[in-house]
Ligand SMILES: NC(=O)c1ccc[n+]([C@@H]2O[C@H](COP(=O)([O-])OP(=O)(O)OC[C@H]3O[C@@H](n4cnc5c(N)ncnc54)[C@H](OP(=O)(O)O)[C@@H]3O)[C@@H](O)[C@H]2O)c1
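Take a look at this single chain, the form predicted on its own, given in structure tokens.
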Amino acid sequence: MKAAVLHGFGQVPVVEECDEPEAGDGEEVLDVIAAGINPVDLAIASGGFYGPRPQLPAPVGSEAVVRGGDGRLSYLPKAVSGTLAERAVVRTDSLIALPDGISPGQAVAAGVAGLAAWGSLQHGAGLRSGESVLVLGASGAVGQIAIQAAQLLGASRVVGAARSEEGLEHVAELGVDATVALDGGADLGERLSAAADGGFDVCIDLVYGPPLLAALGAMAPLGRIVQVGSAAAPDVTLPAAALRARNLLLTGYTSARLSPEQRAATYLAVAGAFAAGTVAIEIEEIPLENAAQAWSRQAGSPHHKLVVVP
């Protein structure tokens, strides 16, 4: 079968013929209908990810929409083998049947990106109706879904911050209450505070680094900051007084820590919103033979979801 195969950590996968995957106990080999490329996939392929390192060479990719033996489509949150392939090994007890009215591309977008966005608000921040939300790094797939999820979950004010002018335009089209440019200006903290209109109750941080430091002063007392990604910087010097001054809570979030029941319920909430049209992002479907180019484009942080179709 054809698959995007990683031969060395830090390299770009190569689309090539490889051996058919073999299923073990409780597993099946199913056809991949659509697969996502995500920042976590690039992190794993770099060799520096905090989770287990794959044994190389190996097909890459972690999530997919697959077709079962009965012809029905399901979302696969974590495959046993790589999903940027024509077929993948799956644990049958991990499959989530797709709701009616959702396309395979939307179903993939509701997966890793959707779980990170919706889950960080619901399970990470415990967002309550009437609270205000700041999304740092709002122009990517996760950020755009987070903005729409916050609106659906009852946020009273939603502000999106992004680095590029094009990104800010994407964010503004989502009906946010304000946008803020993450341009590195010394007055970023002041601009975030002005957009907060009294302080943010929740901050979903997809960038880390200086933008997070600037956001600390824009938080309301007892505000919750949920750290999801590090697109701007991998580390930061965080003043202790900045957290104590407002009794802020800073916590990390990963969907991998959700229970199977939480993961399925959260996924179906996002997928249902996609099917209903209340959440939407641009989705680009790319043939498997062009997966290497798509991989490189993902490293450049596209403002939409890249979906590989075998």
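Since the structure is predicted, the reported quantities are computational estimates derived from the model, not experimental observations. One-based numbering along the sequence shown.
The next section is about a form of this same protein that is not shown, the form predicted together with the named molecule.
Pick the stretch from 110-118, 95-103, 125-133, 76-84 whose residues have a heavy atom within 4.5 Å of the named molecule in the predicted complex. It is 110-118 that comes within 4.5 Å of the partner.
For the spot marked by K2, P59 and S62, is every residue within 4.5 Å of the named molecule in the predicted complex through some heavy atom? Result no, not one residue of the spot touches the named molecule.
Please identify the residue among M219, L206, A88, A150 with any heavy atom within 4.5 Å of the named molecule in the predicted complex. Only one listed residue qualifies here, and that residue is L206.
Proximity of A162 to the named molecule in the predicted complex, heavy atoms at 4.5 Å: The answer is yes: A162 has a heavy atom within 4.5 Å of the named molecule.
Does any heavy atom of G272 come within 4.5 Å of a heavy atom of the named molecule in the predicted complex? G272: no, not in contact with the named molecule in the predicted complex.
Looking at the partner-bound form in the predicted complex, is G167 within 4.5 Å of the named molecule by any heavy atom? Yes, G167 sits close enough to the named molecule in the predicted complex that at least one of its heavy atoms falls within 4.5 Å.
Evaluate T254 for contact with the named molecule in the predicted complex, applying a 4.5 angstroms cut-off between non-hydrogen atoms, and reply yes or no. T254 belongs to the contact set for the named molecule.
Can you list, in sequence order, the residues from 229-265 that come within 4.5 Å of the named molecule in the predicted complex, counting heavy atoms only? Heavy-atom contacts to the named molecule in the predicted complex: G229, S230, A231, A232, Y253, T254, S255.
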